[in-house]
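Coming up is one lone chain in structure tokens, specifically the form predicted on its own.
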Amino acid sequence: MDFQLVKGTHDIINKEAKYYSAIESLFISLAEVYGYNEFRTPILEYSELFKRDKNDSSDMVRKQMYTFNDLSNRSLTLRPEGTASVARSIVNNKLYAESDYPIKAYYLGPVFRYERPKAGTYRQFLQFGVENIGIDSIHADVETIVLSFRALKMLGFENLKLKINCLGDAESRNNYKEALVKFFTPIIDKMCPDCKERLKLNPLRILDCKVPEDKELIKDAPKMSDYLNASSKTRFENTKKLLKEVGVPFEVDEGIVRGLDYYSHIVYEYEYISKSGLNVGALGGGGHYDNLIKEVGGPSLAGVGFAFGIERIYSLLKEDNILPNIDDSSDFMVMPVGEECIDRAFIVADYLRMLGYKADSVIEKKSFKAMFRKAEKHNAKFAIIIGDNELKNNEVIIKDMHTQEQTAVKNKDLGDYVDNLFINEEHECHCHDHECSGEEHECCCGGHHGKK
């Protein structure tokens, strides 16, 4: 039987996996710099966690969740997003009882949504996000925006567009919803079935419709800004002022409502189109929420967060040829010349690994030429050759794969010798010639011209 991938899933292997890890490591490192702590929540949750409101109008809840009954007839769902799980974890672990607010969490893991696969979009994908919970402040809101913006810039996204909107407080949203219902009711029969359903559940979601004909009708709809009360207007103005002060450019887009119903006040998305014109939709985004912690059984605490799909990030970095630099080289390839030397090569490779070096050994009989091809394929910096003479003399031959120089080293001196090799390598100049501004034999990067 020919086993294939489930539609909407994909393997992440070899060098691609290294790129994913590099992207994830940057997000994690920056989140920790900002004081966020890691949360690891289960992939499986009780369905009620995501179906908290029978009137939830989001596509994710209504159409995209993988929900099933287990053998005890309990309804379970593969998590479609990370925020609700973090909120549930905070409540279950009574973290809200802490006096030191805010609770700052980051998460990374697979989420599942039944949607049509396209460029950078899968039914199982990796999501990274942060949540800042406990303090209702524009400073918490702006912090998540700054963190997400800095992360994307550090990954290399230049022509990045941050779009923000204000959904206001409950009073403002209720007034706006009434205005939208009044506007859309006479024309709703001309709109798609989803919009007809959204009018009943949450007319704000109509603004996010992607049907071209509906988008034309939406252009004339009332604007949220006309229905913000004084306090919501002041909060939004102060948020925009703070964003300008920290140097984060943005534009206001009143069509931004986000895909979930629990948002209030500021919401935001990142738009990016590749150099070739590829547009995978929103690169990521987030927003403020007031009632989520209370909805999952905790006290009334405000929160704010964002999330990115790693697959979308990767696809655009690859499209624009700006993937992060990764080191896919090996330090050593240990080569036995003859079957009787395989055991010794295996032991030497293991010894080098214990010293912290990336080492591999040939564990089958191969020709000299084939072993060097293997070393080149693994981007090995050095080859270690062990033949009959080396076994007899308790030594190895170390060959620099770049300079082709080789040296006989006694087994007892091997650890010190390879340590010195890499100490010298760390002090080499890694700049391109046109970038280097140092004096002769010294470089602005702290390294040296030429190998010692």
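Predicted model, so just to flag it, every value in this text is computed and none were measured. Each residue number is its position in the shown sequence, starting from 1.
Below: the form predicted in complex with ligand HAM, not depicted.
K.L.:
Answer with one of Gly305, Pro336, Pro203, Pro102: the residue that has a non-hydrogen atom within 4.5 Å of ligand HAM in the predicted complex.
P.N.:
Checking each option against ligand HAM in the predicted complex, the one that comes within 4.5 Å is Gly305.
K.L.:
Identify which of Glu115, Asp343, Asp350, Glu158 has a heavy atom within 4.5 Å of ligand HAM in the predicted complex; exactly one of them does.
P.N.:
Exactly one residue meets the criterion: Glu115.
K.L.:
Partner absent here, but in the predicted complex, which of 328-336, 350-358, 226-234, 107-115 has residues with a heavy atom within 4.5 Å of ligand HAM?
P.N.:
Stretch with heavy atoms near the partner: 107-115.
K.L.:
Wondering, does Leu283 line up within 4.5 Å of ligand HAM in the predicted complex on heavy atoms?
P.N.:
Residue-level check for Leu283: yes, a contact with ligand HAM.
K.L.:
So, Pro222 and ligand HAM: in the predicted complex, are they within 4.5 Å at any heavy atom pair?
P.N.:
So Pro222 does not count as contacting ligand HAM.
K.L.:
I'd like to check something about Phe125: if you look in the predicted complex, is any of its heavy atoms closer than or equal to 4.5 Å to a heavy atom of ligand HAM?
P.N.:
Flag for Phe125 set to yes.
K.L.:
With a cut-off of 4.5 Å between heavy atoms, is Thr121 one of the residues that contacts ligand HAM in the predicted complex?
P.N.:
Contact with ligand HAM, yes.
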